[in-house]
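What follows is one chain in structure tokens, specifically the form predicted on its own.
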């Protein structure tokens, strides 16, 4: 079942076109990887899915992006509600300069999700458990989140994102600043999270895409060259360009 449908999506930064006629369906409760060389439009497309491009003055997006059959580009879309449903994890871990507890309670507080202190405590613990961080931080949740290691900070950001139960999680190269051990922990976590969330991950690492995703889209120069099951894209792509990129002939 499709969670997200993108139809004829074009994106311009000023006069420069960054995405050309992107058509892509994203299945619910699967991990979809977006791969391709730097500057090919992967992150731009990712930002179309929670209207993060709105914050860039010169950026203009056209086309249809439907989540649960609702076109999020409609004028009357409540963008705050949209971003509540579509969480985002960035390349560099960006915990708030607050305690570990406050990092996670912040979202539920703003959105009025918890009715009492004990309910909030449960949300914080559950989010940290789901992000495989609870055992490491349970004795220091009132210490600053910025005191954690890079990999822990990224898992804290994931816990913060899932605390308000988004339906979709966007990840923009979530492991590029991490070491191999922390990367393996995040990848394991992604597999766990897809039971409850639809995940779209932009990654430079083809081996990562092959490990964590069920579907893959290959972007090149602002165009979606090919999209399909990860297995097919990596083993038997239909486009020569995809084949050349996967086998390292360019990139």
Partner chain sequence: MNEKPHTVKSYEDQLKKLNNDLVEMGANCETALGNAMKAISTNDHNLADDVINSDMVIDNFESQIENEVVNLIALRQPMAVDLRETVAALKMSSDLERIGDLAKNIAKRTKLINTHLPNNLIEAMSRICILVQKQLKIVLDSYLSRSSDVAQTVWESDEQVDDLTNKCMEEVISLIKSNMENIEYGSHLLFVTKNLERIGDHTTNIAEQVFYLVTGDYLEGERPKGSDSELTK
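Positions refer to the first chain, counted from 1. Treat the numbers as computed from the prediction; the structure is a model and nothing was measured.
One more form of this protein exists, namely the form predicted together with the partner chain; it is left out here, but the text below deals with it.
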* Asked: Taking the shortest heavy atom distance, is residue 235 within 4.5 Å of the partner chain in the predicted complex?
  -> yes
* Can residue 49 be called a contact residue for the partner chain in the predicted complex at 4.5 Å between heavy atoms? -> no
* Asked: Does the partner chain get within 4.5 angstroms of any non-hydrogen atom of residue 6 in the predicted complex?
  -> no
* Decide whether residue 23 counts as a contact residue for the partner chain in the predicted complex under a heavy atom distance cut-off of 4.5 Å. => no
* Structure fact -> Note: exactly one of 40, 225, 206, 202 sits with a heavy atom within 4.5 Å of the partner chain in the predicted complex, namely 206
* Asked: Since the partner is left out here, which residues of 233-248 would have a heavy atom within 4.5 Å of the partner chain in the predicted complex?
  -> 234, 235, 236, 237, 238, 239, 240, 243, 244, 246, 247, 248
